[in-house]
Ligand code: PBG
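Before any questions on binding or motion, here is one chain by itself as structure tokens, the form predicted on its own.
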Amino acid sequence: METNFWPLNQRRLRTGTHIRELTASVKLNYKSFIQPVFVDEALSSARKVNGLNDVQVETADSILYSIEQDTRNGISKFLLFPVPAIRKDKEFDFSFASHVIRRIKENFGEEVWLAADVCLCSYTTHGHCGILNQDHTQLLNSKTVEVLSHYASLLANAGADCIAPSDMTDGRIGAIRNKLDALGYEQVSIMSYAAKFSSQFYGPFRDACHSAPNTMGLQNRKTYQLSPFNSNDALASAIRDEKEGADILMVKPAALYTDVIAKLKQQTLKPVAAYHVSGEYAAIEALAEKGLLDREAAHVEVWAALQRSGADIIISYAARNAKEWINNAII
């Protein structure tokens, strides 16, 4: 008697929520998320950011309330972007950033893990990530690295748990690691923006930090950020940063570069962070506002894709919702 059967029937593993949860290869955990936060010295009250729903640029006072609310929602890891009131081209004043870090750590102590972005784009009059030559046609690598390593040491002294250099200059990871170790901050980790691409998806962030390039010289960051057309350069930069002492390697943007995340994960044992950047976040928000997708489900779907590609850590502007949304997700 002939028996008909389907030896490769996979649909039995999709018949209901419970079995889909049991057999899922991706297990999202809100504890793996980092929430970016902005604080602006010039503000007297918090302001909204165009395109970034549920995200504000905070004051030195309101940032404490914002972090308190986030901790109640289960988020305990933060990436701080300080914005100074005065912009210069040299002799930068980093005291505001140090002040904010001290206040956060005094208020929350070990309850929170605080990474501090290290870059000069919010400090310079021209909006670039480092020191430029006289006619603004070239970024001066060595001088930039010198300033950044000094800045990093001040943030470590203020209590930052992690330094996150986002400038993409050559050699800055090694210089910062050496500086921190020499000053006794061996316990402070470095999360390198190891594969940061010159992208069109940073617009809302630049509004938040006033960090768009604005000079007749270098009109973009293509000479020091990575080309979207060169993944080999991204991998080489990340492996170099690992050798120089980076503890965490970041890929930014994330959703458009899952191939880079996957390739990098195959070449390193270091944790890989995926930064779902402001423009990627804003795109989901805009579609949700038009009723073209489910907001929560879309963010969770992106997070699943990032983890599936190999990301160990997810930096998201919606991280403050991760615990609730992951818990409510219908797999």
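For every residue, the number given is its place in the sequence shown, counted from 1. If you're wondering where the values come from, they're calculated on a predicted model, not measured in any experiment.
Separately, the form predicted together with this ligand exists; it is not shown, and the next lines address it.
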Although this ligand is absent from this view, report whether Q225 comes within 4.5 Å of it in the predicted complex, heavy atoms only. yes
Just checking whether V251 would be counted as a contact of this ligand in the predicted complex - the rule being heavy atoms within 4.5 angstroms. no
Given that this ligand is not shown alongside this chain, does S278 nevertheless sit within 4.5 Å of it in the predicted complex, heavy atom to heavy atom? yes
In the predicted complex, is there a heavy atom of this ligand that lies within 4.5 Å of any heavy atom of I261, even though the partner is absent here? no
Out of K143, H126, R206, R102, which one falls within 4.5 Å of this ligand in the predicted complex, going by heavy atoms? R206
When this ligand is placed as it is in the predicted complex, which of 103 to 111, 116 to 124, 226 to 234, 84 to 92 ends up with heavy atoms within 4.5 Å of it? 116 to 124
Which residues within 306 to 320 place at least one heavy atom within 4.5 Å of this ligand in the predicted complex? Y317
